Every structure is written in C-alpha cells, then in structure tokens.
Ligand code: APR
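One chain comes next, on its own, written as structure tokens: the form predicted alone.
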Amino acid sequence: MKNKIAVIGAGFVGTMVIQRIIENNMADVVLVDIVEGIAQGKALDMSQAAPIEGFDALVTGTSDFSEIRGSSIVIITAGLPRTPGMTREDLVKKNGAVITSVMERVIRFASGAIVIVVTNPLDVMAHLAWKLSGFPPERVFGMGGVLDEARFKYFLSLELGVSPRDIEALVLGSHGEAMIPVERYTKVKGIPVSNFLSPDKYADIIEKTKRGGASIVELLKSGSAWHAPSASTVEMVEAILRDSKRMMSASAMLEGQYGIENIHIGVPVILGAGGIEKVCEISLNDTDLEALREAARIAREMVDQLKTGSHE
C-alpha cells in the first residue's frame, strides 16, 4: 500500500510541498484548505501534470478534514505569513488559533500520524501542536533547522566560491533571527570555515542567514518564502518514509537535554520511521549553549502567552 500524506494549508508552501512529493512518487497526498475550491483546484491542476512529469501518485484536494484519515504524516503549513515589518512574535496569537483548530481535526482523523509543523513562529507552533495533541513528543516536531542550514550553506557557498553541497553546517535554536549557527561545526569538506573566512566576513554571513526569510518577505512585498521551505520539509518527509536515520536539525521537544525542559527548540536529531528517534546532545561552548537556552526561554514565554490547555 502506498503511503498517504496530508498537507494542511494550500498556500505556496503547502502546494509546493505536495508538488515535490508527487513528482518524486513518494506518496499519495491530500491537500486541505478551509477555503472551498482552492485545494481542489490546485490538486486538479497538479494531477493533470502526471502524464508529463511521469508520476502516478494520487492528489486529492478538499476542505473536508475527514479526508486525512489514513495519513502517516500530516504537514501543517496553514497560517498567516509575515508581512513587511512583522516579526515572528507578532504571529503568535493569530497562528496559535489556526494550529488549535487544525490539531482538533488531526486528533480526530489522524491520531496515529507524525506531525511536522511549518507554520511560524515555528518553535512555538510546534510546541503548541504537541501540547494539544497528547501525542508522544517524537511524533510532533517542527521544520526549521533544515531550512536555516540550507540558507547558511548557500550564503557561505557564494562567499567561498564552492558548491553548497561541499559545506557542512549546524544551526541550532529558534527558527528566525535568534538562530545559532555553530562555527566549530561549520566546515568545507571537513576543513573548518575559519581557514577561509575572516571573523568579520563570517559574522556578516551569519547576519544574512538570520535575515534570510525576512529579506524575502521585504522583496516580495506580499507573502513569504516557499521554495526552500518546501524543499526542507520534503527532505524530512523522505527521511521518515525511507526510515533512513538522517541526522538533521529539527524543532524538537527537549526533556533535559542541554539543560532545557518542556519546550520545542532547534537541535540535531535522528529522523526515521518513528519520527524523531533520538535527540542528539552535542558538545557546545558556553556562548552557544547560553544562546540556545535563551532561545528556549523566549519560546517558552511565547507559549505561555497563548494560555492554552494541554495534555502535559
């Protein structure tokens, strides 16, 4: 039996996630949006590309959440995007209401699924989704670090004049301006990046990475990034479907690791068929560890502002 994946939210990110999944014949998909006709129309359009692109995955568009029954993975992209001048924190209450509504339906119709949260502010929304679900923490997490690392590698590759595929990087903490690129784990073919870049130039690249999403919002004037976020999400989906035990950064529930408890924050994890199969606790210097704990503190404060019930 072919896997089934549900994507909640038929905006640019959700639609592109589905396109990447079906064009790689990874699973059948169902696209859900509360606006009648949007998901149906996009699903029909993508389906008509099957003879050209050569895929046989089925695409269903609907506004009926019961259609997500049988999904092994539910990806939540629904929510309001940032607008110019809006911080991720500004989105908390509005998108918190969206996540609450979506999770009520996920609990009802897909209680056995792994849930990947893409909605911003990502760490806060991932933790909220977990609190509402009552699911084991390994089955509810956020996509963030994969995207942040991709942006970091891209800017490094431009400066160094090398392929981004030859760059190794690790980005921890909150998805957004509080992310923590870890210099000691940033290398080009195993060679520390400090051999190639001055401290000032490295700091400049970090700043570009932190503003990677905001810069796109400013350029577009309306909407936010969708190509890199969708690619990052599908990389996580592939690791789960193939049980490939990939190590990548995700917004995971911490239960004492790094001295942090009861919050989702970006750390390296092992992804496989069970979702997050291991939270990897690596060695960090005092500066990076303190930054990670501060990011967790801020995320926890934002969660507390939502004043929602939970299954903790």
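Treat the numbers as computed from the prediction; the structure is a model and nothing was measured. Numbers follow the displayed sequence, beginning with 1.
There is also a form predicted together with the ligand; it is not shown, and the following applies to it.
**Study point:** 3, 244 and 274 all contacting the ligand in the model of the complex, non-hydrogen atom within 4.5 Å
**Key:** None of them does, since no heavy atom lies within 4.5 Å of the partner.
Review point. Given that the partner is absent here, does residue 111 sit within 4.5 Å of the ligand in the model of the complex, heavy atoms only?
Key: Close contact is absent here: in the model of the complex, residue 111 is far from the ligand, nothing within 4.5 Å, heavy atoms only.
Review point. Does residue 224 make contact with the ligand in the model of the complex, using a 4.5 Å heavy atom cut-off?
Key: Residue 224: contacts the ligand in the model of the complex.
Practice item. Spell out, yes or no, whether the shortest heavy atom distance between residue 118 and the ligand in the model of the complex is within 4.5 Å. Key: Yes - in the model of the complex, heavy atoms of residue 118 and the ligand come within 4.5 Å of each other.
Exercise for review: Determine whether any heavy atom of residue 17 comes within 4.5 Å of a heavy atom of the ligand in the model of the complex, and answer yes or no.
Suggested key: No, residue 17 is distant from the partner.
**Study point:** Residue (of 80, 92, 197, 167) lying close to the ligand in the model of the complex, criterion heavy atoms within 4.5 Å
**Key:** In short, 80.
Check your understanding: the ligand isn't shown here, but in the model of the complex which of 178, 150, 182, 98 has a heavy atom within 4.5 Å of it?
Key -> Contact with the ligand in the model of the complex is made by 98 alone.
Review point. Which among 43-51, 258-266, 27-35, 280-288 is in contact with the ligand in the model of the complex, heavy atoms within 4.5 angstroms?
Key: Stretch with heavy atoms near the partner: 27-35.
Exercise for review: Heavy atoms within 4.5 Å of the ligand in the model of the complex is the criterion; list the residues of 48-71 that meet it.
Suggested key: Sequence-ordered list has one entry, 65.
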